[in-house]
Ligand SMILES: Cc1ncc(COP(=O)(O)O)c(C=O)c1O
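Let's start with one chain on its own, the form predicted on its own, as structure tokens.
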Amino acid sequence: MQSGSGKASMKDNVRDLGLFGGVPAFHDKLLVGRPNPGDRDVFMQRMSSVLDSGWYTHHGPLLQDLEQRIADLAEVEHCVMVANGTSGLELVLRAANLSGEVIMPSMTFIATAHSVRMHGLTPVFCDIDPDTGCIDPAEVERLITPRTSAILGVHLFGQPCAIDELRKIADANGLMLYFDAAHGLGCTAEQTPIGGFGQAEVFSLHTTKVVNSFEGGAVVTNDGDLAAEVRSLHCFGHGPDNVVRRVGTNAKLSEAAAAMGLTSLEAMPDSIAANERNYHHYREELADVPGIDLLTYDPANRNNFQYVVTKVDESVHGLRRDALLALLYAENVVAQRYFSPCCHEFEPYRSEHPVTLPRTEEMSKKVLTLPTGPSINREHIAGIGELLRTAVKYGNEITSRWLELA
């Protein structure tokens, strides 16, 4: 048995695997997206200033600072911090006063679809580019109807959508174009930061993200009118004169959350550097593992390497993706199925708007995301690599025994 900081011991037969009674390879759980608090002393100093000031929420000085820093990072004119990325997507939709249908991918977290449905619009699920998992512009064009009001792209795993193609389609059809950029903070489309594309983009600062504010999100845009609407809507519908002018909600971010956001943002360069090192270590480890293919990122774009994504090809080794997931869990390697099932496979969408998306479903059956982040080191990755080599070596046997356990 190994400590959480060391390399896993060799497991070269099935009976040694934790799934079948063996000792877990790692003592501590290795996670996808373990929170990175940054400099704790700096965070506590910021929290002390919040407590001393008595200004705990409602657009305090730390939040104003965080908004400006994220706007600068994304090279946009406006940033409105919100309670979470989901509320940011909802507020953009409400601010734009849309109705009808929104074309979007299904290969995304369910919040993307719910943000559309919550406000009475219909998500129309679109198939993907099989290489990236991002929305396919040709399929978008095919799905446009008189009821279509917007296109919602997702920069999946920090990869930019086919932005120019989507922009041309939106402009030609008079549609709004906006983006779920939950994974995109610190990423670029070639040399341009993600954040300024379309009418608006929405970042997530959830605790698992490369920059976190415990819970939080950011709406970024170069559209001053849209930013003003979002700012009003996220604070009960108040205008700049503090007079309520519309129905709004409470989606503000607290000063405590902003303190964490600022501290985490300052740690972002080190976090991304650690992620990138881990990604390249995984590339080395998985190079000789058949049927475990690492998703590669276009070097023309800067990525935050927040996700190490693999595709598990059962046809190569007989190992089912979910059997491998169970195997890794039993070794305290907490991998994730991002994103499986996909949105169109959940209720209410699968009953109300059944659709077949061959490329989405094919990717969804294979995808498995491995632990990374500053808490993961080369020794961990070497241990995970050994587990994966053993798993594919005995793929058929492991799948058969896993099915007996299920």
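Numbers for residues come from their place in the sequence shown, where the first is 1. These numbers come from a predicted model, not from an experiment.
The same protein also has a form predicted together with the named molecule, omitted here; what follows describes it.
Judged by heavy atoms within 4.5 Å of the named molecule in the predicted complex, the contact stretch among the candidates 160-168, 268-276, 295-303, 81-89 is 81-89. Although the partner is absent here, F339 sits close enough that one of its heavy atoms falls within 4.5 Å of the named molecule in the predicted complex. In the predicted complex, the named molecule lies within 4.5 Å of some heavy atom of V154.
Among heavy atoms of A182, some come within 4.5 Å of the named molecule in the predicted complex. Among heavy atoms of Y329, none comes within 4.5 Å of the named molecule in the predicted complex.
Checking S254, T112, S264, T148 for any heavy atom within 4.5 Å of the named molecule in the predicted complex turns up a single hit: T112. A single residue from the set K209, R321, H281, R231 has any heavy atom within 4.5 angstroms of the named molecule in the predicted complex; that residue is K209.
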